[in-house]
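Only one chain is given next, in structure tokens, and it is the form predicted alone.
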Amino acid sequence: MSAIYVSVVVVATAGLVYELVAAAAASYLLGDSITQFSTVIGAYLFAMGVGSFLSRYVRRGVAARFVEVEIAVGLVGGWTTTVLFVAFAQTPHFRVVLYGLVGVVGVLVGLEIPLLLRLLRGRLAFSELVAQVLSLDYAGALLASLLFPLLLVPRLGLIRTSLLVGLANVAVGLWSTWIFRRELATAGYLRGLAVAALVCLGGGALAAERITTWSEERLYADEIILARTSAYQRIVLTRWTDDLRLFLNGHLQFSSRDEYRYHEALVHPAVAAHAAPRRVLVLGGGDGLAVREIVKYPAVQSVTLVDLDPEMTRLFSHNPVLIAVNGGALRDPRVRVVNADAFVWLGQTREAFDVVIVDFPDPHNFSLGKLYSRSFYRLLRARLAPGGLVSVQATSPMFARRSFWCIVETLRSAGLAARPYHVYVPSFGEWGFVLAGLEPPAAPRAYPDGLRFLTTEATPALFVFPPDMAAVPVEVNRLDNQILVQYYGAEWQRIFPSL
């Protein structure tokens, strides 16, 4: 029975990993992680229910059907991520493929436990059988929920994870041909089928890096020169001639050809407007590009960079190509890097800062939306020294107009005097920022030498908004409503309907 119990744990672990892999892939490709996880998990659980219901129609050859289900779920579930990446690049009907695969895998996983219970009937009392199988099933689910974010995705990536878990399912099927050999009339055939499936999945696992590269090359127009999967995101760097582009979960973060416009506009109006910017805090901005601009000020004595992902800050501190982009800013002796959730860190620290630069990705999901909430800005206000200033990247006032003004109004609702402004960045289009402080921010005093875009003479024009970007009525973004994420999703969906 011990071999059977191990099989139950493997089956349960694999079943949950397939669910998590599909949800993570959908989140990476489509954005809005809350929506993707919710809909994928809901569809998957429903499909499992369908599979459990269909098990009642398996009346003969239960052992053979169980082995066939294990082989099938291993093959379909194992190749799911690869198929999703290819489908996203090749077909406009990605969601049909996504939920089709989720449905098939869910039905197959739903068949497993009912068939296994029937196979074990008679070996144990029914109450003991159900208690042991279901308790092991839940234990396997816990194991999967821990392994997936802590080991599998960071170390193996999504494609190799699903292929290796598929191998585990097929191995259970092959193992079962010996465990239930007395109930099998075609054990040799099933073993051959299982071995062929193992070869198929094993070959895919060995070639996972090539498969990942091939599939991502169809998602990105330019050559991929670096790709990493961290515990938090997929990091991809592309290059075309002298243009380096960073993508996080498929979203463009910067182009090296024009990022100076964005980062000069983000940093200098705040730092140059402060009388004595000695202590500066950067939230987000793990690429070090905002820090590069900050350390141009001799008056700055310390820079604290708080970024969630240690892989980001490690890459931009040690990779020669990336160091060339940020000028080695993260190695400056004045810079301290803290890898932590900015929301949690702000609530715990008692440090005060003269200037805070907020450089988070756009609020395309609820995890990011909390970093644009009134609660977050209240924490931020509490960490400002007297005369302190804040600069916030605030998405596009042209393409996401309500989102932009929602950020402005949310800052004001937190008790900050906010002055919105905008610049044109070719890679992004018209882009918006907000300069805020405990008191109305003053005009910048003087910028450091060597800036490529900003001048003190041209700065006042940045704070003027034409009618098509002017303020519109919006709600404040609170933790309990996350209205900003809804604004953002609706506005960008209107521009890019395929997202």
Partner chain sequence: MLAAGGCRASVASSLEGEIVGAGHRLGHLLREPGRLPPPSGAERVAVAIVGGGVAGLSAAWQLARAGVRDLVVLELEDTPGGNARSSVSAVTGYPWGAHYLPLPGQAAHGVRTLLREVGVIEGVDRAGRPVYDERHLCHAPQERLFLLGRWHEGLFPAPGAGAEDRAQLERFRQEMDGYRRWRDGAGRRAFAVPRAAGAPGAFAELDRVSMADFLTARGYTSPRLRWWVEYGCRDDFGSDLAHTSAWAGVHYHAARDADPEYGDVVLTWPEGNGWLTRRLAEPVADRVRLGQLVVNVEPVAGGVAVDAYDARAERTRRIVAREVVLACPVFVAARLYRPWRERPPAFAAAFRYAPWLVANLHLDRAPTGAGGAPLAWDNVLYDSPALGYVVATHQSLRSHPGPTVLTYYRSYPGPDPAATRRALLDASWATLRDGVLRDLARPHPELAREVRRLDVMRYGHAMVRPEVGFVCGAARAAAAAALSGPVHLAHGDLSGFSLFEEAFEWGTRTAARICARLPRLT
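Positions refer to the first chain, counted from 1. Bear in mind the structure is a predicted one, so any value in this text is a computation, not a measurement.
There is another form of the same protein, the form predicted together with the partner chain; it is not shown, and what comes next is about it.
Participant: Applying a 4.5 Å heavy atom distance criterion, does residue 295 contact the partner chain in the predicted complex?
Facilitator: Outside the cut-off, so no.
Participant: Quick check on residue 427: any heavy atom within 4.5 Å of the partner chain in the predicted complex?
Facilitator: Residue 427 lies outside the contact set for the partner chain.
Participant: Within a 4.5 Å heavy atom cut-off, is residue 482 in contact with the partner chain in the predicted complex?
Facilitator: Yes, residue 482 lies within 4.5 Å of the partner chain in the predicted complex.
Participant: Using the partner position in the predicted complex, report whether residue 370 sits within 4.5 Å of the partner chain, counting heavy atoms only.
Facilitator: Flag for residue 370 set to yes.
Participant: Within 4.5 Å of the partner chain in the predicted complex, do 341, 375 and 378 each have at least one heavy atom?
Facilitator: Each of the three qualifies.
Participant: Pick from 230 to 238, 113 to 121, 179 to 187, 319 to 327: which stretch has a heavy atom within 4.5 Å of the partner chain in the predicted complex?
Facilitator: Single hit among the candidates: 230 to 238.
Participant: Only one of 260, 175, 94, 366 has a non-hydrogen atom within 4.5 angstroms of the partner chain in the predicted complex; which is it?
Facilitator: Flagged contact: 366.
Participant: Which pick from 271, 158, 281, 308 sits with a heavy atom within 4.5 Å of the partner chain in the predicted complex?
Facilitator: None of the others qualify; the residue that does is 308.
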